[in-house]
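There is one chain below, alone, in structure tokens, taken in the form predicted alone.
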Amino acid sequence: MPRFRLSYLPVTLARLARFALFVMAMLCASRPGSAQDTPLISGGVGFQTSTNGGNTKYQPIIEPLLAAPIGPRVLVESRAAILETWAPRTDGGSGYDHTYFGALTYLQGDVTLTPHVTLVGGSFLIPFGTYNERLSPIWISNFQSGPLISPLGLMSTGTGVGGMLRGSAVSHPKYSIDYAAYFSASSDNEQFNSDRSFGGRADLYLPKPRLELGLSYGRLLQDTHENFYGAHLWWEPKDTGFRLRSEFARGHHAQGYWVEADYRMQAFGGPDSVIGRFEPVFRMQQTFRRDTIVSDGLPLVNTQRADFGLDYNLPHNTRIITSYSRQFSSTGDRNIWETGIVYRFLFPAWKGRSK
């Protein structure tokens, strides 16, 4: 999981427990409504290991997500990240260092104004590129680690505090155009911190070939003003089990791309057969320095990396994720091994009543 985009903050167990009790109390105090208005609790829980340059770290993690509708037009949604990490000590001693983190990833309210416009307010994921909004949850991503270029366009935290308009500008049987435009204020709040910025993304989707093309733009409006540009292409042919995802991003100090392909081997007895549950994955990525003044979260030298993964989709929304990566740069080549198991959960906060 990429650390740049979560506002991880050290918290005590008592503090986390108070937050959990507060959420539960709010849910219990609410009057149960119809089935379609019942809040849903979803997310993922997993255990991950990563060996980088010969050092292995261990990380249990849980990412709960709450989606609570309030009437037909309002939705409150939030995601949290709670994790612990055991990593080899960096002071030369034996044993492991232990760290604990817990924080909200985002907390936002969505108001449907028209069939084409949704107003979003609060702390939201910045809609630059595709990884931040779509692929970062542990129960969705094919690799534990995010692409090297992921920090570009996400400012310093990956979240904004302010407002956003998004929706479908054009909806046609042969194509559709979606958009997202946001403005974020500068916030020093320890939980909801963000930079002053604005930007957005536009997507063109062709349903027949199941092809999506998109462009992203972001501008940092504090300190040194900077522009960020992005483009992405997704292709998911129907009934093949194959998916192709790719993204390019360019910032003031660096640029790069990643291309990821995966194939669910459903041709061999269907997706629920022993072989059909295997999912080979490959990702190629490169970063290029424009200068070495600021890293932007990317390596300070030109870097190439190839990721080879083999995931296995167990029953009951459980996945085993394994990968081997080889990274090449002028500062030295290295091997990266990652393994993990992830379980996705989904259940209503209470049993809804049918109308």
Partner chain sequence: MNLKYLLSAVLLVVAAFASSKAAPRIRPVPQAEAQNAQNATKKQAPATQGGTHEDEGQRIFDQNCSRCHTAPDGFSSRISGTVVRHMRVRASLSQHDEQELLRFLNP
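Positions refer to the first chain, counted from 1. Because the structure is predicted, anything quoted here is derived from the model rather than measured. Take the two forms, find the largest set of C-alpha atoms that superpose within 1.5 Å, and that set is the rigid core.
Another form, the form predicted together with its partner chain, is not on view; read the next lines as being about it.
Asks: Are all three residues 97, 306 and 332 in contact with its partner chain in the model of the complex, where contact means a non-hydrogen atom within 4.5 Å?
Replies: Result no, not one residue of the spot touches its partner chain.
Asks: Thinking of its partner chain in the model of the complex, which stretch from 152-160, 188-196, 219-227, 172-180 has heavy atoms inside 4.5 Å of it?
Replies: Selected range: 172-180.
Asks: Taking any heavy atom pair closer than or equal to 4.5 Å as contact, tell me whether residue 234 reaches its partner chain in the model of the complex.
Replies: Judged by the heavy-atom cut-off of 4.5 Å, residue 234 is in contact with its partner chain in the model of the complex.
Asks: Should residue 69 be counted as a contact of its partner chain in the model of the complex, where contact means heavy atoms within 4.5 Å?
Replies: Flag for residue 69 set to yes.
Asks: Spell out, yes or no, whether the shortest heavy atom distance between residue 45 and its partner chain in the model of the complex is within 4.5 Å.
Replies: Residue 45: contacts its partner chain in the model of the complex.
Asks: Verify the contact flag for residue 297: yes if a non-hydrogen atom of it lies within 4.5 Å of a non-hydrogen atom of its partner chain in the model of the complex, no if not.
Replies: No, residue 297 is distant from the partner.
Asks: To verify the annotation, which of these, 167, 200, 276, 122, has a non-hydrogen atom within 4.5 Å of its partner chain in the model of the complex?
Replies: Only one listed residue qualifies here, and that residue is 167.
Asks: Counting any non-hydrogen atom inside 4.5 Å, which residue from 255, 105, 108, 184 sits next to its partner chain in the model of the complex?
Replies: Among 255, 105, 108, 184, a heavy atom within 4.5 Å of its partner chain in the model of the complex occurs only for 108.
Asks: At 4.5 Å, heavy atom to heavy atom, what parts of 262-300 sit next to its partner chain in the model of the complex? List them in sequence order, or say none.
Replies: Counting only heavy atoms within 4.5 Å of its partner chain in the model of the complex, the contacting residues of 262-300 are 264, 272.
Asks: Does superposing the core leave residue 268 with a CA shift of 2 Å or more between this form and the one not shown?
Replies: No, the C-alpha position differs by under 2 Å between this form and the one not shown.
Asks: When the two forms are laid on each other by their rigid core, does residue 96 show a Cα shift of 2 Å or more between this form and the one not shown?
Replies: Moves: yes, 2 Å or greater.
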